[in-house]
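Two forms, one protein chain; structure tokens for each follow separately as structure 1 and structure 2.
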Structure 1
Amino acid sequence: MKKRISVLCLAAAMILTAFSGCSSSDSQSSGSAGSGSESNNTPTETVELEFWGWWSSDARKPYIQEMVDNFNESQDQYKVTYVDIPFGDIFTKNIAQIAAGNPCDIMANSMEEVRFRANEDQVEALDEYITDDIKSYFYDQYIDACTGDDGVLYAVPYSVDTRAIYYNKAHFEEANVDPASIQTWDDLIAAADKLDQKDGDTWTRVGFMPVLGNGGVDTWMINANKGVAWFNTETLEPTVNSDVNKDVLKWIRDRIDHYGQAEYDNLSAAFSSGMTDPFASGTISMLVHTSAYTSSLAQTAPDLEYGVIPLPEYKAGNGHTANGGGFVLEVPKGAKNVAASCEFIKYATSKDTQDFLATKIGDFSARNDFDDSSEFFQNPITQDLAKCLEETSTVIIPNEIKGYTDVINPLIEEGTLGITDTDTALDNAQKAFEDFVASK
């Protein structure tokens, strides 16, 4: 279910505070090893813990490492080692280690599938250590996402995000485009056409392509449907080839055709390589990306003047719905010391640490206990991103249909790339989804 949060509260989740050792003033920064069955096993020597994540870039890893180092320096019972594993490998490696009985101690993971992992017995229950007073520091919808069907907490919210359109201010001024005029998809394309530049047959500037950056087909499907696009949330019946979805995929394909498949392939490869950023270099005027993109731009294009606008409405009055998600910290099943792992989780999600990470990395916090008096909130980009979060939909995948995206995505991609026509691609994906459900 889509849940909204007030702009004030969401924006305040990104407070700029001095970070000195992260000695939090709330109960999460307690130095105790928790209460319950393991409380009598207080370690007499340092407990070594591994924290797995995928943050390896210069924009993120130094601050993750600093947070870990500060935790280690704040007490002498535990020593955490941060291990960064490529995003494409970490999740399968985590499952393999759980199966082998040798998991890491703290795992960063997706918020959307906490319930599935709980149902599959892949994570430890945390209620004994993450008590109600700690849970109260987080927005209800994020604690709900971290709670299994059995009502037990299996993870703690670490960060949340949304998507918006980043635009190049110089390009807009040159083309006489007012960002406030972009309210609908038609407005978006009209602006992109003004921003386009071509030298003969060569595109020298691309106004906008919908599925570049961190915006995919699902971004636009969720925007048009005001939430879940692929299935009925009550009956779980597949709705892949609805009239709205067919209109959306055709719109995406038409926009790729406008520039040509070769131009799309080149730009997509540039983003995928990680070596170049066509928006940062001025090749693209508008780009869909997450709220954390600000930290990347600070590294790659510190002098770039850019702004942020919400995803436009599919049709006037439809709403500016964006797709968002989040990450959690959890304890893999079979970890050697759940109480010790939870001490680090409480530290990493404490107010001081979340202040530090928001300031340095740009992620929004899932905590609800900040105010709006920070210098960081005075940044107009932060304020605009907070407004986007107000209309963000986080899709929690029901356990009954877990894995459906692996079935439909390759077929939808055929339509996106022009391998099959868009209507046929969605019809094929619909049938595959129906067969997938029937086989359950």
Structure 2
Amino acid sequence: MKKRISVLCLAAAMILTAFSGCSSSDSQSSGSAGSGSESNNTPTETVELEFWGWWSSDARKPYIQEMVDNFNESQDQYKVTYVDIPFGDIFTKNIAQIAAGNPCDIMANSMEEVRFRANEDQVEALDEYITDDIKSYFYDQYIDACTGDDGVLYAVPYSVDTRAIYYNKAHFEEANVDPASIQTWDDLIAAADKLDQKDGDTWTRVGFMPVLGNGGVDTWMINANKGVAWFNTETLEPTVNSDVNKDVLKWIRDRIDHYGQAEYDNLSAAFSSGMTDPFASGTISMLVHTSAYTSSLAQTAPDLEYGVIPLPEYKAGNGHTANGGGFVLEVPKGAKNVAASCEFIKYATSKDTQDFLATKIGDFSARNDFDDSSEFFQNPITQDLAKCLEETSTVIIPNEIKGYTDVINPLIEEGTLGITDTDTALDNAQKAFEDFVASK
């Protein structure tokens, strides 16, 4: 018996050494830090770079891969590998790697929080490599979003999005609704009423429900306030329970009541399961969604005839403000080759590459040097979305009050769901926000 155990131990030890042996040789050849390729034939050492994003679908990944391949072929100094990691998990892995001092070289991330990550020392400064002339090719608001409190650039805009109302063309024709007639919230409701269809007690067609799809309470608040709704941008004082906000939340709740809580529950559950899509199936006529929705509709409803209109005005003359955001490319703190990474970032955000990505994937660019000659802009849906983009507000939460949304959102949602009266819900949220500021 004793003999057998020692044999077992020995075997285990051998296996382990074998494993670590082959692993160490592996890690040499595929190290993310780019220790150089093993073949010494090339005179200059190729720098290997890892580029992380979460884009893994057929609609995007092949084109990102193509873009990366093009970059690799365009020069022989750098070799980029695209790695897709699921959204959410990508942050866990990134933080672990930053802590270990060996992060990836280039990472996609959300534009809204660049400033926060800069403040927390999670990203490298890029000023040295991304010069002012490069910056000048992007719209100011997006460069601003990529700039830290210290005035240093920490990321480069990669793609931007906006929100619009998608409508079902067949429904509109049948109900005789002209999309151009929807200019204000009142017009929207009037159109929705025409589109509604009911069979006894059950809705067979829902004209419009405000907080479904990718539109939330935020969308309407920002639309009504022409931008930031929850706090004063100068003083950072909470303005959650302002008169406008109370009016907006009541409007949302009234709209849900119009269809009934049960109908809202049904549709909301259908969207959140991620599988079914009531807009794609023609159950609802209008839906707020981001500009990226077109690529998912291409998969789930290739035959659907739909159009796009801007979010209507809260009151005539108030403007069609939509909330939007975007994604950036940045270099995680501690990455070994910031200069090389920036070469790739410059390539990925260059006019030609952005045009390629926009045409293939359908994402909008943050660059200001596009003209209508691009193939991308020939698509009528794209043209309409581009108009929405012009009235898009990207809310960057100041670092001083970062995290307040976690505190107020559940309370506001109680109002949306009809658990508390809408005015009370906003009053509660206001109080919570004030307490939050006080505790900071």
Partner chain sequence: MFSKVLGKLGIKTNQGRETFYGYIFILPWLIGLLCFTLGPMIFSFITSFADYNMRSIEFTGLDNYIYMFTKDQLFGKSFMNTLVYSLMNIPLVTIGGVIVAVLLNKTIFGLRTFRTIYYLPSIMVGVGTYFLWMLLLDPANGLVNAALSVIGIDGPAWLTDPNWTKPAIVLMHLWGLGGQMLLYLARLQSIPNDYYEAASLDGANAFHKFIKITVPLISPIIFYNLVIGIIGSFQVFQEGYIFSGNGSGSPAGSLLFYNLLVWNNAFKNFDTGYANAMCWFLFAVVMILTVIVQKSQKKWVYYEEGDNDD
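Please read all numbers here as calculations on a predicted model, not as lab measurements. Here, residue number means position along structure 1's sequence, counting from 1. Only the largest set of C-alpha atoms that superpose within 1.5 Å between the two forms is called the rigid core.
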item	value
Pair member that is the form predicted together with the partner chain	2
D196 C-alpha relocation of at least 2 Å between structure 1 and structure 2, rigid core basis	no
Threshold 2 Å Cα movement between structure 1 and structure 2 at D178, rigid core reference	no
Post core alignment: N70 C-alpha displaced by 2 Å or more between structure 1 and structure 2	yes
Core-fitted comparison between structure 1 and structure 2 - CA shift at D132, Å	4.4
